[in-house]
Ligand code: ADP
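First, one chain by itself: the form predicted alone, in structure tokens.
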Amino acid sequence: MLDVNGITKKHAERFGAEPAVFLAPGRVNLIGEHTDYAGGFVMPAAIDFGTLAAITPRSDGRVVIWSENFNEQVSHQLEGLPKNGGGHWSGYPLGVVKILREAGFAVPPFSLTVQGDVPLGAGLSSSASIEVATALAALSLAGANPEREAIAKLCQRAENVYVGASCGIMDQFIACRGAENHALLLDCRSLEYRLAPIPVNISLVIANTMVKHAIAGGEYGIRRGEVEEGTEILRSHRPEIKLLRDATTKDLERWGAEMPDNVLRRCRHIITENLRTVAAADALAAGNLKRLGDLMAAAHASYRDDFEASCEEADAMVEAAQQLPGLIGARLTGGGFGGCTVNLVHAELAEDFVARLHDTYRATTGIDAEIYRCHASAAAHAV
């Protein structure tokens, strides 16, 4: 549980000054996986797990960051920040500072304390949470208040360029524009969005398979390369296809035979996932929970079979959920290859659902999963 008073006190004790404190949420994606970098649609919700960032100015030209989670401090001259993140946790906040300054924001030297409760490696966007919290804190010292869309883009750039993870815009955008008791349908190309209400009698249950993943390279990067390969083939026939979101199922039927089978299936997942995601937002808006659940089930099957980004444990978790009373929909969420499933559950049955899901998954896999009940929360803000 995040403790604003606690981080305020600890920062003051460590750095000798009363800080301003900012909070940025993690997120769970209800539907729309690996569509963001293809310019498509996603539907995440901000959640009540996040990162606190407490900040005060310094006069010695340095950036000093203390992590409560890692019990570690880093210190650099502001004018001599490392050239890249180096695989260290500090790469996320330092990358944000570097990108903000390159964009013309006069971020001064500062002390920063960060603390988060987003489970690491679970696909709930701990990285974007720390990036956006750091950005709001640093911008406050710079006396700047850019549009939230601009902040999201800058934080995405920090992760792409400085950390070296090829994420899309979704994670940073939902941290900047989420709303309590709502999911957010985002067009990742135009950044147009609309909110879709989540009924108050619905619980978000996030089940951590306890299988860790890292998205800076590895399978994530391979999948992205496959998507780009397929897009290029389709573009050779239809030059107006700039990103895969411009392509249709008819395009795949016509030219998919030119693709290796794995590339065809990756593209089919993304093209059909875009259709499912828009339909899911419409279903939420209409209160059609049966339709929403069916779309989530189809999305998981596509993620598992066409995109091959699931794993044995995640499939077991989804299969277990589908047998339990109260479930509306379940699927693997996040970058894939482990992490969490997201389950929409009728609130009055959620407590029993959590207990039975935990026990069934343990009996099937031998793994003692962490399962969290949460709700859609507000965007990043000062606290």
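As the structure is a prediction and not an experimental result, all values here were calculated from the model. The numbering used is simple: start at 1 and walk along the sequence shown.
Keep in mind that the form predicted together with ligand ADP is not shown, yet the notes after this line are about it.
Trainee: Answer with one of 284, 124, 271, 186: the residue that has a non-hydrogen atom within 4.5 Å of ligand ADP in the predicted complex.
Mentor: Contact with ligand ADP in the predicted complex is made by 124 alone.
Trainee: Of these, 193, 162, 89, 105, which has a heavy atom no more than 4.5 Å from ligand ADP in the predicted complex?
Mentor: Spelling it out, the residue with a heavy atom inside the cut-off is 89.
Trainee: Tell me, yes or no, whether residue 120 is in contact with ligand ADP in the predicted complex, where a contact means a heavy atom of each within 4.5 Å.
Mentor: Residue 120 belongs to the contact set for ligand ADP.
Trainee: Would residue 299 sit within 4.5 Å of ligand ADP in the predicted complex, counting heavy atoms only?
Mentor: Result no; residue 299 lies far from ligand ADP in the predicted complex.
Trainee: Give a yes/no on whether residue 51 approaches ligand ADP to within 4.5 Å in the predicted complex, heavy atoms considered.
Mentor: Although ligand ADP is absent here, residue 51 would touch it in the predicted complex, with heavy atoms inside 4.5 Å.
Trainee: Closest heavy atom of residue 115 to ligand ADP in the predicted complex, within 4.5 Å or not?
Mentor: Although ligand ADP is absent here, residue 115 would touch it in the predicted complex, with heavy atoms inside 4.5 Å.
Trainee: Just one of 272 to 280, 125 to 133, 239 to 247, 299 to 307 has heavy atoms within 4.5 Å of ligand ADP in the predicted complex; which?
Mentor: Heavy-atom contact with the partner occurs in 125 to 133.
Trainee: Even though the chain is shown alone, can you say which residues of 66 to 82 have a heavy atom within 4.5 Å of ligand ADP in the predicted complex?
Mentor: Read in sequence order, the residues that approach ligand ADP (within 4.5 Å, in the predicted complex) are 67, 69, 70.
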